[in-house]
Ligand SMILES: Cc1ncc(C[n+]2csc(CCOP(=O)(O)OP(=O)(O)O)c2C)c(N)n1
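Take a look at this single chain in structure tokens; it is the form predicted on its own.
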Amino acid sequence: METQTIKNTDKATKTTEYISGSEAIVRCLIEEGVKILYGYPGGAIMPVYDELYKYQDKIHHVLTRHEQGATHSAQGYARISGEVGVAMATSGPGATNLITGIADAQIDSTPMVCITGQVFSHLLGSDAFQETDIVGISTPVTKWNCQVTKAADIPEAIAKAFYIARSGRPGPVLIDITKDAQIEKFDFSYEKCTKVRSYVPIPKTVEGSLEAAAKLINEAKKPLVVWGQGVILGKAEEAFKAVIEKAGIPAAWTILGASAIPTKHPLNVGMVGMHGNYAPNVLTNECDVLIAIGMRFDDRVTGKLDEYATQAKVIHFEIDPAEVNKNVKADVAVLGDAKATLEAVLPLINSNSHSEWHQKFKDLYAIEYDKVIKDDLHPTKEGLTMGEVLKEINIQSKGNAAIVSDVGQHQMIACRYAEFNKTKSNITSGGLGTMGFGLPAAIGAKMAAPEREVVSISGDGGYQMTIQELGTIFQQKAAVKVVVLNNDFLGMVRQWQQLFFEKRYASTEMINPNFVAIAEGYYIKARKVTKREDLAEAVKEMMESKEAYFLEVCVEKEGNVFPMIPTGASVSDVRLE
């Protein structure tokens, strides 16, 4: 390695080192504070892996069992830590296997940097072995991407990638690096990126919008807050809590917003959306001011748009201008970082209680409890319910666990019934609804926060999409608690088939393997529960384990998740049975 000092007329004197592009990649990651990297090696990325071998004391590489597992693990790492998750793969199929996780990160605003190897630059466009136009493929699902064909361009590309991934509304970035760029040597130096021309990560708050928002809030008789993940991403939890407590406003959450304030906070009125709570869904169409904070009015939240909160004045606190007026027209748009704008509006808001309005939420909750919640959490029927499993996990974790759920009925049950005392505790695939997300994401979450209890909750369908990541758990000794709620069905699809397709269960019943034997094959302690009397003791044993643990709970085969807003229906048309 050669070291030299060069002078740049525009910048201060800096020291460079003559190293390969592959070593530069590793050094750039170290400069960005990356401690854990998820990936899978292959020919086109092999020079980088060779350098990683030399830097094992600085970066821990996690060999996942599939590249999709690498992206989901990176997502789980990012979601619980607030840092950028990093995934790496080779060219061709390795790169394309990252796409599902990248798309998931894009729609759920997860900061992630993916690095892919590529064939030699002189082979680009020749259909060489394992050549794929991953830049073209990933363009619609990345916040930014680029291809690097010269070693000297690597530091700037990586610096820009991390800046874009973590700034403003976070998202995934992909850098594709040809093999010759990895091998080529150049004079290396690194400078973090702090600005990109024409990119404005945090928009300027429109003058007068804070005052206009405060005026509507102060005049409201029936205000309702719906908050999303923007509160968590913006580290605005305390500012958010201060605003709703001062104004006395009932607050409901989207699934990605869950845990920003404790579940048992008196102003927390539950989840909105297709399987959300009865009161906030129904009363969305009765409130006079709807305050949306860090959420994007997803169709699963709004239901039928032309019947959504048409009576209300809408205030939208949002960092991404593209989300304002995209689905729901805002009377007042407050652009900017959630923490900054909430802190700025706080002194403009009057103290209030809205006690009569709160009573409406309590009355409707009582109806939901009697018709739905009581049977979910305290069933009298023979079959185990998913809800009572979550209840036992709450008891054993005391609401301090991070719940990482897959996608399906169990996801909605987990979101509805898990108790959260800490922020960044509900990690799930929201916008994309990616089956197979849960298990690998839980690995990343546990590695990012080893001091926290991390519970992966999956259905028997989604679990088998990434079941091979049990090997990653075993190899990394990641003490993830893995729960599979097994109903021998693709449960959510089956529920729709029951309600809307006259019980024609087309291709949804599953003949499952011996899950306990599979877990034990990966040297993970495992147990199966089929009877209610065994559930509490089994959950206790799992939660007290210092190592990874697998628990299969056989739940009722045709259990449904209610409340439910049918597709195309208004939030007022929520069904309780």
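So that there is no doubt, residue numbering starts at 1 and follows the sequence shown. Keep in mind that what you see is a predicted model, and the values were worked out from it rather than measured.
The next section is about a form of this same protein that is not shown, the form predicted together with the named molecule.
Peer 1: Check for me: heavy atom within 4.5 Å of the named molecule in the model of the complex, for each of I293, I315 and A333, yes or no.
Peer 2: No.
Peer 1: Flag Q409 as yes or no: does it have a non-hydrogen atom within 4.5 angstroms of any non-hydrogen atom of the named molecule in the model of the complex?
Peer 2: So Q409 counts as contacting the named molecule.
Peer 1: Mark P262 yes when one of its heavy atoms lies within 4.5 Å of a heavy atom of the named molecule in the model of the complex, and no otherwise.
Peer 2: So P262 does not count as contacting the named molecule.
Peer 1: Looking at the partner-bound form in the model of the complex, is G82 within 4.5 Å of the named molecule by any heavy atom?
Peer 2: G82: no contact with the named molecule in the model of the complex.
Peer 1: Indicate whether the named molecule has at least one heavy atom within 4.5 Å of a heavy atom of G433 in the model of the complex.
Peer 2: Contact check for G433: yes, within 4.5 Å of the named molecule in the model of the complex.
Peer 1: Given the stretches 368-376, 409-417, 316-324, 395-403, which is the single one in contact with the named molecule in the model of the complex, using a heavy atom cutoff of 4.5 Å?
Peer 2: Stretch with heavy atoms near the partner: 409-417.
Peer 1: Check each of L210, M271, M465, V243 and return the one that places a heavy atom within 4.5 angstroms of the named molecule in the model of the complex.
Peer 2: The residue in contact is M465.
Peer 1: Among the candidate residues D108, D460, D337, E237, which is the single one with a non-hydrogen atom no more than 4.5 Å from the named molecule in the model of the complex?
Peer 2: Of the candidates D108, D460, D337, E237, D460 is the one lying within 4.5 Å of the named molecule in the model of the complex.
Peer 1: Hey, which residues along 460-493 are within 4.5 angstroms of the named molecule in the model of the complex, non-hydrogen atoms only?
Peer 2: Heavy-atom contacts within 4.5 Å come from D460, G461, G462, M465, N487, F489, L490, G491, M492, V493.
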